[in-house]
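Take a look at this one chain, the form predicted alone, written out in C-alpha coordinates.
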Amino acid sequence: MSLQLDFPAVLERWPSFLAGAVLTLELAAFATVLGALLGTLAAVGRGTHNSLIAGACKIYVETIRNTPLLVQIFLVYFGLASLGLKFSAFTVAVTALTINVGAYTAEIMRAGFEAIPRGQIEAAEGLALSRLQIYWHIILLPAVEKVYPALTSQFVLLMLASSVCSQISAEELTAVANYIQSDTYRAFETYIIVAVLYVILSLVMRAGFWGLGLVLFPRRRRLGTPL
(Lines give C-alpha, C1' and ligand atoms only; values in the text may rest on other atoms or scores of the structure.)
Protein backbone atom coordinates (compact mmCIF):
# COMPACT_ATOMS: atom_id res chain seq x y z
CA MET A 1 0.00 0.00 0.00
CA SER A 2 1.57 3.28 -1.14
CA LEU A 3 0.96 6.68 0.34
CA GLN A 4 -0.32 9.19 -2.19
CA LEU A 5 -0.18 12.81 -1.11
CA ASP A 6 -2.31 15.44 -2.79
CA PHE A 7 -1.22 18.82 -1.45
CA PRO A 8 -2.70 20.90 -4.31
CA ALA A 9 -6.23 19.85 -3.30
CA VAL A 10 -5.57 21.25 0.17
CA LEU A 11 -3.47 24.26 -0.77
CA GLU A 12 -6.24 25.65 -2.94
CA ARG A 13 -7.97 26.44 0.36
CA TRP A 14 -5.15 28.87 1.23
CA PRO A 15 -7.54 31.80 1.94
CA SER A 16 -9.08 29.74 4.75
CA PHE A 17 -5.66 28.84 6.12
CA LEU A 18 -4.65 32.50 6.02
CA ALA A 19 -7.83 33.60 7.82
CA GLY A 20 -7.26 30.96 10.50
CA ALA A 21 -3.64 32.00 10.98
CA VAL A 22 -4.63 35.65 11.33
CA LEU A 23 -7.28 34.82 13.91
CA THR A 24 -4.76 32.69 15.82
CA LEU A 25 -2.39 35.67 15.99
CA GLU A 26 -5.24 37.93 17.09
CA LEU A 27 -6.16 35.52 19.89
CA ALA A 28 -2.53 35.37 20.99
CA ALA A 29 -2.07 39.14 20.81
CA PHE A 30 -5.13 40.00 22.91
CA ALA A 31 -4.46 37.26 25.46
CA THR A 32 -0.77 38.19 25.70
CA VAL A 33 -1.44 41.85 26.49
CA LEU A 34 -4.32 41.19 28.88
CA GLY A 35 -2.59 38.18 30.45
CA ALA A 36 0.58 40.17 31.05
CA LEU A 37 -1.41 42.83 32.88
CA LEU A 38 -3.39 40.27 34.89
CA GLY A 39 -0.29 38.26 35.73
CA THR A 40 1.67 41.31 36.85
CA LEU A 41 -1.18 42.39 39.13
CA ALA A 42 -1.42 38.87 40.55
CA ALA A 43 2.33 38.79 41.17
CA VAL A 44 2.14 42.14 42.97
CA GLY A 45 -0.86 40.87 44.94
CA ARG A 46 1.00 37.75 46.08
CA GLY A 47 3.79 39.96 47.41
CA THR A 48 1.55 42.26 49.46
CA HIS A 49 1.27 42.12 53.24
CA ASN A 50 -2.51 41.85 52.94
CA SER A 51 -3.14 38.15 53.62
CA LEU A 52 -6.60 38.26 51.97
CA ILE A 53 -5.28 39.62 48.66
CA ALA A 54 -2.18 37.43 48.73
CA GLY A 55 -4.28 34.35 49.48
CA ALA A 56 -6.77 35.09 46.71
CA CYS A 57 -3.94 35.54 44.19
CA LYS A 58 -2.32 32.29 45.33
CA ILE A 59 -5.58 30.37 44.97
CA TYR A 60 -6.06 31.81 41.46
CA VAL A 61 -2.55 30.89 40.35
CA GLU A 62 -2.57 27.38 41.80
CA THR A 63 -6.06 26.60 40.50
CA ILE A 64 -5.29 27.64 36.95
CA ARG A 65 -1.87 25.99 36.85
CA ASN A 66 -3.31 22.68 38.04
CA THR A 67 -6.30 22.39 35.69
CA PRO A 68 -6.30 21.74 31.92
CA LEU A 69 -6.74 24.69 29.59
CA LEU A 70 -9.55 22.92 27.74
CA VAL A 71 -11.51 22.52 30.99
CA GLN A 72 -10.99 26.22 31.73
CA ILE A 73 -12.29 27.14 28.28
CA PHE A 74 -15.39 24.99 28.79
CA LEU A 75 -15.98 26.51 32.24
CA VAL A 76 -15.88 30.03 30.81
CA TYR A 77 -17.91 29.10 27.73
CA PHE A 78 -20.71 27.20 29.49
CA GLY A 79 -20.48 29.22 32.71
CA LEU A 80 -21.19 32.51 30.98
CA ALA A 81 -23.98 30.90 28.96
CA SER A 82 -25.63 29.53 32.12
CA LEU A 83 -25.66 33.07 33.50
CA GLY A 84 -27.48 34.27 30.41
CA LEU A 85 -24.41 36.07 29.06
CA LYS A 86 -23.88 35.43 25.38
CA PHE A 87 -20.52 36.28 23.85
CA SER A 88 -18.83 35.31 20.62
CA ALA A 89 -16.48 32.32 20.58
CA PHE A 90 -13.59 34.74 20.00
CA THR A 91 -14.41 36.74 23.15
CA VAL A 92 -14.75 33.60 25.25
CA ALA A 93 -11.49 32.23 23.87
CA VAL A 94 -9.61 35.45 24.66
CA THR A 95 -11.08 35.49 28.17
CA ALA A 96 -10.09 31.90 28.91
CA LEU A 97 -6.61 32.29 27.41
CA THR A 98 -6.07 35.49 29.39
CA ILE A 99 -7.04 33.81 32.65
CA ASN A 100 -4.75 30.88 31.84
CA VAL A 101 -1.64 32.77 30.78
CA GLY A 102 -2.15 35.31 33.58
CA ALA A 103 -1.49 32.60 36.17
CA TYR A 104 1.74 31.49 34.52
CA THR A 105 2.83 35.08 33.99
CA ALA A 106 2.22 35.78 37.68
CA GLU A 107 4.74 33.13 38.72
CA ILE A 108 7.30 34.32 36.18
CA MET A 109 6.91 37.92 37.28
CA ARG A 110 7.07 36.94 40.94
CA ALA A 111 10.44 35.35 40.27
CA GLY A 112 11.55 38.59 38.60
CA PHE A 113 10.39 40.70 41.55
CA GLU A 114 12.20 38.46 44.02
CA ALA A 115 15.41 38.82 41.98
CA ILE A 116 15.53 42.58 42.61
CA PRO A 117 18.09 43.27 45.38
CA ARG A 118 16.56 44.78 48.51
CA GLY A 119 19.42 47.25 48.71
CA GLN A 120 18.46 48.65 45.33
CA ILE A 121 14.99 49.47 46.61
CA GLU A 122 16.37 50.98 49.81
CA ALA A 123 18.71 53.17 47.77
CA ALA A 124 15.74 54.43 45.73
CA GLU A 125 13.87 55.21 48.94
CA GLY A 126 16.93 57.09 50.19
CA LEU A 127 16.80 59.24 47.06
CA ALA A 128 13.22 60.20 47.99
CA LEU A 129 11.68 58.59 44.91
CA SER A 130 7.93 58.18 45.05
CA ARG A 131 6.42 54.72 45.48
CA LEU A 132 5.21 54.81 41.87
CA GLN A 133 8.70 55.72 40.60
CA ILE A 134 10.24 52.94 42.67
CA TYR A 135 7.76 50.35 41.38
CA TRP A 136 8.18 51.39 37.76
CA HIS A 137 11.91 52.15 37.45
CA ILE A 138 13.45 50.06 40.22
CA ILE A 139 11.19 47.01 40.45
CA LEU A 140 8.94 46.46 37.42
CA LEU A 141 11.20 47.27 34.46
CA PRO A 142 14.28 45.47 35.84
CA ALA A 143 12.10 42.49 36.81
CA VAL A 144 10.61 42.27 33.32
CA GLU A 145 14.10 42.51 31.82
CA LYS A 146 15.32 39.59 33.94
CA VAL A 147 12.43 37.28 33.02
CA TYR A 148 11.79 38.53 29.47
CA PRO A 149 12.98 35.32 27.75
CA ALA A 150 10.73 33.19 29.98
CA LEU A 151 7.78 35.52 29.38
CA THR A 152 8.14 35.48 25.61
CA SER A 153 8.43 31.68 25.57
CA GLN A 154 5.25 31.46 27.63
CA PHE A 155 3.40 33.72 25.22
CA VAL A 156 4.51 31.64 22.23
CA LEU A 157 3.28 28.52 24.04
CA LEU A 158 0.00 30.36 24.57
CA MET A 159 -0.37 30.85 20.82
CA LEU A 160 0.20 27.14 20.24
CA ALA A 161 -2.21 26.21 23.03
CA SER A 162 -4.91 28.35 21.41
CA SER A 163 -5.54 25.40 19.09
CA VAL A 164 -7.89 23.94 21.73
CA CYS A 165 -10.19 26.92 21.18
CA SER A 166 -11.42 25.04 18.12
CA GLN A 167 -13.55 23.04 20.59
CA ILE A 168 -15.82 26.06 21.06
CA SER A 169 -15.93 26.85 17.33
CA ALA A 170 -13.42 29.70 17.40
CA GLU A 171 -12.35 29.94 13.77
CA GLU A 172 -8.61 29.73 14.45
CA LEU A 173 -6.08 27.65 12.51
CA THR A 174 -6.88 24.23 13.94
CA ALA A 175 -10.63 24.75 13.53
CA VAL A 176 -10.07 25.73 9.90
CA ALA A 177 -7.96 22.60 9.42
CA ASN A 178 -10.77 20.45 10.81
CA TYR A 179 -13.20 21.91 8.27
CA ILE A 180 -10.78 21.52 5.36
CA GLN A 181 -9.85 17.92 6.09
CA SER A 182 -13.51 16.97 6.47
CA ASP A 183 -14.23 18.50 3.04
CA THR A 184 -11.18 17.22 1.16
CA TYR A 185 -10.65 13.91 3.00
CA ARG A 186 -6.95 14.83 3.03
CA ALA A 187 -6.30 14.90 6.76
CA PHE A 188 -2.58 14.04 6.61
CA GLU A 189 -1.76 16.77 4.08
CA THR A 190 -3.96 19.27 5.92
CA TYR A 191 -2.24 18.82 9.25
CA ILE A 192 1.23 18.86 7.70
CA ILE A 193 0.40 22.30 6.30
CA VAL A 194 -1.03 23.41 9.65
CA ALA A 195 2.10 22.22 11.47
CA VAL A 196 4.26 24.26 9.11
CA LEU A 197 2.05 27.29 9.62
CA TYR A 198 2.33 26.99 13.41
CA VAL A 199 6.11 26.88 13.10
CA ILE A 200 6.00 30.04 10.97
CA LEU A 201 3.69 31.78 13.45
CA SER A 202 6.03 30.83 16.31
CA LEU A 203 9.01 32.27 14.45
CA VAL A 204 7.08 35.45 13.65
CA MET A 205 6.16 35.91 17.31
CA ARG A 206 9.70 35.23 18.50
CA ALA A 207 11.06 37.74 15.99
CA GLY A 208 8.51 40.30 17.16
CA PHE A 209 9.40 39.78 20.81
CA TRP A 210 13.11 40.00 19.96
CA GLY A 211 12.55 43.36 18.27
CA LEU A 212 10.41 44.57 21.17
CA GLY A 213 13.16 43.54 23.57
CA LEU A 214 15.68 45.65 21.68
CA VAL A 215 13.40 48.66 22.09
CA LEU A 216 12.52 48.08 25.74
CA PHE A 217 15.97 47.03 26.92
CA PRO A 218 18.61 48.85 24.86
CA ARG A 219 21.20 48.17 27.56
CA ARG A 220 21.13 44.49 26.72
CA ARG A 221 21.71 45.30 23.08
CA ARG A 222 24.80 47.35 23.97
CA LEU A 223 26.13 44.59 26.21
CA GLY A 224 25.30 41.89 23.69
CA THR A 225 23.14 40.01 26.20
CA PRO A 226 20.67 37.59 24.53
CA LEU A 227 16.99 38.50 24.84
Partner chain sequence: MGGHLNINHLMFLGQGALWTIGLSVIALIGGGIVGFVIALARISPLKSVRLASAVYVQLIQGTPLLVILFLGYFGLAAIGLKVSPLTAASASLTLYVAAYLGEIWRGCIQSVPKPQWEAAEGLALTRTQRMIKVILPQAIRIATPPTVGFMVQIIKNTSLASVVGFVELMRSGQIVNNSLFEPFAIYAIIAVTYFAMCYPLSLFSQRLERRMGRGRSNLAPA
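Numbering follows the first chain given and starts at 1. Computed from a prediction, not measured in an experiment: that's the story for all the values here.
The same protein also exists as the form predicted in complex with its partner chain; that form is not shown, yet it is the one meant from here on.
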For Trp136, is any heavy atom within 4.5 Å of its partner chain in the predicted bound form, or not?
no
Please run the contact check for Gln167 against its partner chain in the predicted bound form: heavy atoms, 4.5 angstroms, yes or no?
yes
Does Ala195 reach its partner chain in the predicted bound form if we count a contact as any heavy atom within 4.5 Å?
yes
Consider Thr184 of the chain shown here, and say whether it contacts its partner chain in the predicted bound form, taking contact as heavy atoms within 4.5 Å.
no
Of the candidate stretches 90-98, 139-147, 74-82, 115-123, the one with residues having heavy atoms within 4.5 Å of its partner chain in the predicted bound form is 74-82
Near its partner chain in the predicted bound form, with a heavy atom at 4.5 Å or closer, the residues from 47-75 are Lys58, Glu62, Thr63, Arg65, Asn66, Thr67, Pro68, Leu70, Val71, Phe74, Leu75
